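To begin, one chain is listed below as structure tokens, in the form predicted alone.
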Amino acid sequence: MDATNTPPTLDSENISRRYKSSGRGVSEVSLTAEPGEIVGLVGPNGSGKSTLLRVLSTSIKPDSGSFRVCGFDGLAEKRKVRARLGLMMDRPTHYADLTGHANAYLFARSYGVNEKKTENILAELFEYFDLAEYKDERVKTYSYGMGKKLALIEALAHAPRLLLLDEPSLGLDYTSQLAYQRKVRGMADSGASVLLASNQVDEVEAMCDRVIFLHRGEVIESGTPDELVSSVGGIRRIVASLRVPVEYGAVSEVPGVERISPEGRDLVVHCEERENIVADVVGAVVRSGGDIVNLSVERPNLADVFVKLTGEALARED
């Protein structure tokens, strides 16, 4: 599909949503996803990722703004937009007393896929996601990971032109994560657009052509993964896993240390490249009473970019 001659699969302008429950004001987000492009939405819990996806899925109405999917108005032509969408939320819901196959069949048929084609597609997808032997079991017996795989099958069965995914890899085992990534990349290669909301930075860097950072409901930065990670070049990332958290004031006084981001029992230290910087950081942690059970020195990633932009950790809990 030639993006230069075809309207963007997704084109939103100044989508605004009021966060009444949290006391925030109106936030605006504008973005475009071209055919064949995988766009990552990255931001901590409460940044607006899931809300934005729900707006674009037409399940909630924005306070202002507009968006188009395959040229159709997302507010005035909801049926046409929904027919071209595949949606997977982070906590998918199903008809628990129906079988997995019955749930997926209902979704595919409601999207207009004919009966014979539905059966063929579902047989392929249940086999692909390793759910074939469980397809005739009631969904209430499924594990969380099995429910996520079923939600992926439902989102993919009708070959959507725009795929909206909210934390799709959470709950999936490693093999299933690889399978889902291959399938989504294959859909993009065939011309579909994908909007992927995730804080799994390795996944986002590997899959996405472009990344958009959201913070408190607003876009604060965007670019390719390489461009964004390169913006924090020259910074070394030291991750010290501690048996128990400790005060880390002494670490911040080590020459060359720029930022410290505690993430649970992990102490993530962002520092400049210089000789002996790792030894100096480890020494400061030990002097602070830290019992290091694991230590790694890593290249910067998208989580470090977010820290640089906001001064906050990407994985914070609200």
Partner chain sequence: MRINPPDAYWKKDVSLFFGKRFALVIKMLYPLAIIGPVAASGIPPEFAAAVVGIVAIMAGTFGAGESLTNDINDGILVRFSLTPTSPYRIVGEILTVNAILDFIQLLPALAVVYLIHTPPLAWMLAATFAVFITLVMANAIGILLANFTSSPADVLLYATIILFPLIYVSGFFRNQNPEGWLAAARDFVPFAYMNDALKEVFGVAGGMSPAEVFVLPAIICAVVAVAVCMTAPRLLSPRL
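Because the structure is a prediction, the values reported are computed rather than measured. Residue numbers count along the first chain shown, from 1.
Just so it is clear, the following notes concern the form predicted together with its partner chain, a form of the same protein that is not shown.
For residue 89, a non-hydrogen atom is located within 4.5 Å of its partner chain in the predicted complex, even though that partner is not displayed. Taking non-hydrogen atoms only, residue 60 approaches its partner chain to within 4.5 angstroms in the predicted complex. Under a 4.5 angstroms non-hydrogen atom cutoff, its partner chain in the predicted complex has residue 82 among its neighbouring residues. Heavy atoms of residue 173 never reach within 4.5 Å of its partner chain in the predicted complex, leaving it off the interface.
93 is the sole member of 224, 230, 93, 141 with a non-hydrogen atom lying within 4.5 angstroms of its partner chain in the predicted complex. With the partner omitted from this view, the residue of 124, 97, 218, 189 that lies near its partner chain in the predicted complex is 97 [heavy atom within 4.5 Å].
Comparing 141-149, 107-115, 68-76, 195-203 against its partner chain in the predicted complex, the single stretch with non-hydrogen atoms within 4.5 angstroms of it is 107-115.
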